[in-house]
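In structure tokens, the next block holds one chain alone, the form predicted alone.
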């Protein structure tokens, strides 16, 4: 990719920690992203608890493309492009539900939940020779995979397997998506998806959750109010010692925390039922995991646009691109499937008070992203790069977590994760195919300490 004669890598100076504002405001770059990032990467499309039974469906997105996540009569999970093969009308216009067939409202073509074209009005009379329906099924993604209840898809047949693509992020997802007691019990979504639009570039959102600890200054008023579910101030309990971790080959950014396991730990003092539930979970977690029970995934971003909170709240956020300066935010919340209903409802109310369009912390974040995007579009502003230098040269390793790590006490101030996110973004933008994207082995930290 070239913009004004420059490659994407020339806009991202990884070694010096400087990134051109063109990355966030250039329309040509945005259009190339849709082609080079969102057709190649593995993208989160939904959760299996949204399609529990055959015939259930959930309409999701991959980049700007509308897709249908569904389960066919045999129980197999599919992801289809939500467009009729006849004239392109959406064959499913509802957010979620249950059906036997997807019927196009324009000309009446109908498709089974396994994608087959099963109905064409007046087909016997209209087509000479007869229409070969097997050639006109719904367009299906190249690959689909599931992990810890989440469903992922890619349009690229040559993309590596999902488990390889996740790389060092697998540990974070295990901790974030697993049951709170450390068992193999499943989690489930609480209610439907919250959706809203913001006038900001999607990368601001992905970067923020990949590992931007400095922006906590924006949440000072929220911390003073004390919206957390305890009897004290703040948003949540003490997160412990933080470790900022990046996946150098894949571009994922993660934040882990560690507190020595305490079987008498209490959470959610504002709800006796929730406090008792989590106390029991902590005891079981310590029995199963020992000293590692205190290791938690706090927050992170799986390249390119799936972010998560892994403690409390427990939530997934997808930053869907809708334009160079427009992002559609989709947020879902989840809890242990076997948790008592009273606990789930308490958590749901806390989660939406914390995050989402009405969440107090999310409102702080959105204001930052909106103004940053608008303030970077001017002719003069675009001449000056952003500064991502914090933490340069502080990268290490840590036996407790994988990847390249910036440890406590400077983990909150380092910008290693955003730097690596944009390095991987530039590689996607400049690469011709996955042959150029498959990461090489990193034997030391020399590249990160230049």
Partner chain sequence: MSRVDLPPARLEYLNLIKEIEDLFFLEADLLDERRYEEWLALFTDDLRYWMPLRKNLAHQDDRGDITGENDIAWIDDDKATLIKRAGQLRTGVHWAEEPFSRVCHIISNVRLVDSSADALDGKDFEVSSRFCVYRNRVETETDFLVGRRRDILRRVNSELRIARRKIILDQSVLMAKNLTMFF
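Numbering follows the first chain given and starts at 1. Just so you know, these numbers come straight off a predicted model, no measurement behind them.
Beyond the structure shown, there is the form predicted together with its partner chain, which is absent from this document and is the topic of what follows.
Remark: of stretches 162 to 170, 120 to 128, 95 to 103, 241 to 249, the one touching its partner chain in the predicted complex is 95 to 103 (heavy atom within 4.5 Å). For the marked spot (49, 155 and 303), a heavy atom within 4.5 Å of its partner chain in the predicted complex is absent from each of the three residues. Taking non-hydrogen atoms only, residue 87 never approaches its partner chain to within 4.5 angstroms in the predicted complex. The closest heavy atom approach of residue 134 to its partner chain in the predicted complex falls outside 4.5 Å. Among heavy atoms of residue 191, some come within 4.5 Å of its partner chain in the predicted complex. The closest heavy atom approach of residue 264 to its partner chain in the predicted complex falls outside 4.5 Å. Only one of the listed residues (222, 317, 274, 297) places a non-hydrogen atom within 4.5 angstroms of its partner chain in the predicted complex, and that residue is 222. Only one of the listed residues (174, 328, 185, 114) places a non-hydrogen atom within 4.5 angstroms of its partner chain in the predicted complex, and that residue is 328. Within 4.5 angstroms of its partner chain in the predicted complex, the stretch 348 to 364 places a non-hydrogen atom from each of 348, 349, 352, 353, 357, 358, 360, 363, 364, taken in sequence order.
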